[in-house]
Structures are given as C-alpha cells and as structure tokens.
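Take a look at this one chain, the form predicted alone, written out in structure tokens.
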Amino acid sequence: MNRIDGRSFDALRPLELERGCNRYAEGSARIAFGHTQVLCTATVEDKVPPFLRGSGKGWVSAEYAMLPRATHQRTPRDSTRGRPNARGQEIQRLIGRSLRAAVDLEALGERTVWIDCDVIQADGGTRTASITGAFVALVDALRWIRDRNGLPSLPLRHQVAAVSVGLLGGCPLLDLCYEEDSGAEVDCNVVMAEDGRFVEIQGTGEDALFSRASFDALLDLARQGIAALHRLQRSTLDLSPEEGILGG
C-alpha cells in the first residue's frame, strides 16, 4: 500500500536522537520520529517514595505532557484546566513501567530518577518516542549517579525502546504517523528489551477484530523496528562492554 509519506510498510520515519540538550538535567535527550518531537530529561533525587524508605531500593518515575501547541489546535495546560489529563496520566505510567524494567533498582540504592517527557510536536507515536528517548536520558543520569557515588557498575539491567505498529486497510504498518494512526483498524504500542523479550504490549482493535496471524505480523514488524532503535540508542550513548548492554 502507498503510505502518506511514501515509506514502505516496514520503514521507520526519519530519526533524530540528540544527547545532552539540557545543561541542567543529569540526563537529557531530544528525539524525533518524523514530525513527532519529544524532549526527555532525567532528574536525580536522593530520596524515594514512602513505600520504599528503608528498603535499599531506588525508583524511576515519569511525567508526560504535551506543550499547548504541539498539535493543530492549542490545548490548555493541566494547570489551567485544574485537573490532570487522563491520557497523559496513562502514558506517563507506561513510560515509568518501561524504564523501571531497564534499571537494577537495588543497585540504584534509595534514589529516585524522575523522567520528564514533554512533547514539542505531535504527529503520532508520542508515547513510543518518549520511551525511546527517555532511555537515553536515563542512562546518562545513571552514569551521573555511578560517577558521583562510586558505584561499582552502572545500575542498568536492560535496554528498552518502543515503537507503534498497526493495521490500515488490512496492511501491517510500522511506526504510524497521526493520519495512519487515526484511521487504523488495529493500533499497537510495543516496548521491548535488547534481548527480544517484551516489556509491554498495548493492542486494540479500533474498528475490527484481528487474528493471531495479524498480531504475529505486527509483532515481527515491531521487533524489526525496535532493533533499529536499539542500535541508534547504543551509538548515541556509546555504551561500553563494561556498562553491560550491547545487544546485536
């Protein structure tokens, strides 16, 4: 099928991933999937939520928001509306779960890494771009902790990245832009570790039921796309053998 932007069904949008774009944060990255752009920052605090005090374990939490003019029409900020956005809350929980899967929380110690994902411009796939970019910010924050606290190694267990896949007109597509996403019969977001295991899969039949064969085809596409994202993360971070995550 002919895609809106001329890509093949199994092609990612043009990717950009930049480290160190915030001079104050312990880790930061700007990521772009085509026209979708997200700024990810990581902040370290020497404390944990009350339920972890005295446990020796650390925590990773995330917040997600879209800038008011990230989309075609201006969206008021949560502070103006006086209530949190339910979609944003759901997405930030996904980001937090995905990044906690990457970290050795015991080795982190009683510290919290806060990840803030702010969507500068949205054209579909903001949650998957946030996870992929936030991992880069997270690793640099973990390096900051290691270097300043004399940790024997980086408290990192896995490399994680995410991508969207979907069925449009019965055709499986990788990395959907907004127009494709809004018209898709099936929409999935897939988060995966470097060894091919899944962290989370969110899949919905928007306008149709879907078969096991269709689902398998979508997961194969996601695996291919995430492998490319893992390579981009590793080259951007210049991960060393001593830091443990090299992948294929």
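Because the structure is a prediction, the values reported are computed rather than measured. Just count from 1 along the sequence shown to find any residue number.
The discussion below concerns the form predicted together with another copy of the chain, not included here.
S.K.: When another copy of the chain is placed as it is in the predicted complex, which of 98-106, 129-137, 147-155, 162-170 ends up with heavy atoms within 4.5 Å of it?
M.R.: Only one stretch passes the 4.5 Å heavy-atom test: 98-106.
S.K.: Arg143 versus another copy of the chain, in the predicted complex: is there a non-hydrogen atom within 4.5 Å?
M.R.: Taking the distances in the predicted complex, the answer for Arg143 is no, it never comes within 4.5 Å of another copy of the chain.
S.K.: Flag Asp216 as yes or no: does it have a non-hydrogen atom within 4.5 angstroms of any non-hydrogen atom of another copy of the chain in the predicted complex?
M.R.: Yes - in the predicted complex, heavy atoms of Asp216 and another copy of the chain come within 4.5 Å of each other.
S.K.: If we define contact as a non-hydrogen atom of the residue within 4.5 angstroms of the partner, is Arg197 a contact of another copy of the chain in the predicted complex?
M.R.: Yes, Arg197 is a contact residue.
S.K.: Can any non-hydrogen atom of His35 be found within 4.5 angstroms of another copy of the chain in the predicted complex?
M.R.: Yes, His35 is a contact residue.
S.K.: Does another copy of the chain, in the predicted complex, lie within 4.5 angstroms of each residue among Arg3, Leu17 and Ser182, using heavy atoms as the measure?
M.R.: None of them does, since no heavy atom lies within 4.5 Å of the partner.
S.K.: Residue by residue through 106-131, which ones have a non-hydrogen atom no more than 4.5 angstroms from another copy of the chain in the predicted complex?
M.R.: Stretch hits, in order: Trp114, Asp116, Cys117, Asp118, Ile120, Gln121, Ala122, Asp123.
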